[in-house]
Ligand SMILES: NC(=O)c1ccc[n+]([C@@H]2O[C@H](COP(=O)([O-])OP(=O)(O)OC[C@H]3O[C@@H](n4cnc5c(N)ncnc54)[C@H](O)[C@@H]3O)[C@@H](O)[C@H]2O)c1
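Okay, so here's just one chain, in C-alpha cells, the form predicted alone.
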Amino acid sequence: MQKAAIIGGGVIGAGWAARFLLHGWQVHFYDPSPAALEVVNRVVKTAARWVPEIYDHLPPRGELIIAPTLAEAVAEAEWIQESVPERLPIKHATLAEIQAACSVGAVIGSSTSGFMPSELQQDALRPEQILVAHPYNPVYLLPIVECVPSSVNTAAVTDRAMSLLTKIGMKPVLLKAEVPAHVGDRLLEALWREALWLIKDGVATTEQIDDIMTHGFGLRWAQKGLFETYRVAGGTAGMRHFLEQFGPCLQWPWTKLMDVPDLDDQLISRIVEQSDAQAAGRSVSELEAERDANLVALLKALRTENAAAGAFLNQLAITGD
C-alpha cells in the first residue's frame, strides 16, 4: 500500500487525507492541534458518503494513522502534503522539519493558495523536492489541482508529481510559470473584489449575487469554462467575432478590479448580516451537506453528457484508475 503523509489539518488537509484514503493509500496524519483529529474524522466520514457516488472503481479503503510526531508521519512516505497556515515562516519551518525526516525520493506538495514554489523553497535542504499542489475545497470531490514547479524543480520530480496526483483521481494542471496565487485564486480574487464593491455600493446583496452566479453563468462555467463559453457566445463566427464585438467593453468603466474597498467594520457587518439572512438558520454542516449533494448531482449529470469534469471521470472509469 502506498503511503502519504498529510501535515496540517483543517478542511484542506483533512480533504487531502480523505482523497488519499479513499483511493487506497495508507495515510499518516499529523497536526498538533487537539481539534485536528475531530476535523479529519468528520471530513473522512463525509467523503466516504459521497466519493463512491462519482467513481466507478475505488480500491479498498486505506488506513488512517494518526502520527505522534511529524518525523514519524513523513518517514518513507511517497507523497507529503503540507497544509499548515498561510504564513511563510511557518511553512519554512514545517518544510525544514519534513525534509530532515523524509525520503529523498518523496514529493513534497504544498497546498498554499498564494505563495510561489520559489518562495517555499528558500533555504530548503532540497529545494527541488518541493512544489505547489494547490487543490480546491472539497478536495475529496473536486478533481482539479494546480501543480506549480519553479525553475529548480526537475522534470523527473514534476512528472512524478503529475503521475501520483493522477493515481488518486485528480486532474493536475501543470502551470507554465509561477505567479502569486497561481491561476484559480487570481480569477476568484477578481470576482470577489467586484462582489465586495457591489455590496458596499448597495447594488446587490450576498444572496442576489449568489443567485446570479448559480442560476446564470455559473451553470455555463461548470461545463464550458470561461473561454469556451465566450466562443459559443460569438456564434458561428466564433471567438474572433466575440472579441471584436465585446472587446471595446474592456475600455468601459464596468469594474473596479484595480480598486479594493476597505473591509471596515461597516462593510464586514453588512456582509455578515446578509450572509446570515441568506443561510436562513442552516448550520455550516448543513450547508456543506447541500454543497456535496449538489456537486455529486452536477458531476453525475456531466458524466451522462460526457462533458467537462464528467468526461474526466468517465475516462477514469475506462482506464480503471
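Residue numbers here begin at 1 and follow the sequence given. Computed from a prediction, not measured in an experiment: that's the story for all the values here.
The next section is about a form of this same protein that is not shown, the form predicted in complex with the named molecule.
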Quiz item: So, E78, G109 and T158: all three within 4.5 Å of the named molecule in the model of the complex by heavy atoms, or not?
Solution: no
Quiz item: Contact between S118 and the named molecule in the model of the complex at 4.5 Å, heavy atoms?
Solution: no
Self-check item: Touches the named molecule in the model of the complex: I7 (any heavy atom, 4.5 Å)
Solution: yes
Quiz item: Given that the partner is absent here, does Q208 sit within 4.5 Å of the named molecule in the model of the complex, heavy atoms only?
Solution: no
Practice problem: Answer for S33 alone: is it within 4.5 Å of the named molecule in the model of the complex, judged on heavy atom distances? | Solution: yes
Quiz prompt | Contact segment among 211 to 219, 163 to 171, 109 to 117, 229 to 237, judged by heavy atoms lying within 4.5 Å of the named molecule in the model of the complex | solution = 109 to 117
Quiz item: Looking at S103, Q223, T94, S150, which has any heavy atom no more than 4.5 Å from the named molecule in the model of the complex?
Solution: T94
Quiz item: Of E72, D201, E244, E86, which residue is found within 4.5 angstroms of the named molecule in the model of the complex when only non-hydrogen atoms are counted?
Solution: E86
Quiz item: Quick one: which residues from 133 to 159 get a non-hydrogen atom within 4.5 Å of the named molecule in the model of the complex?
Solution: H134, P135, N137
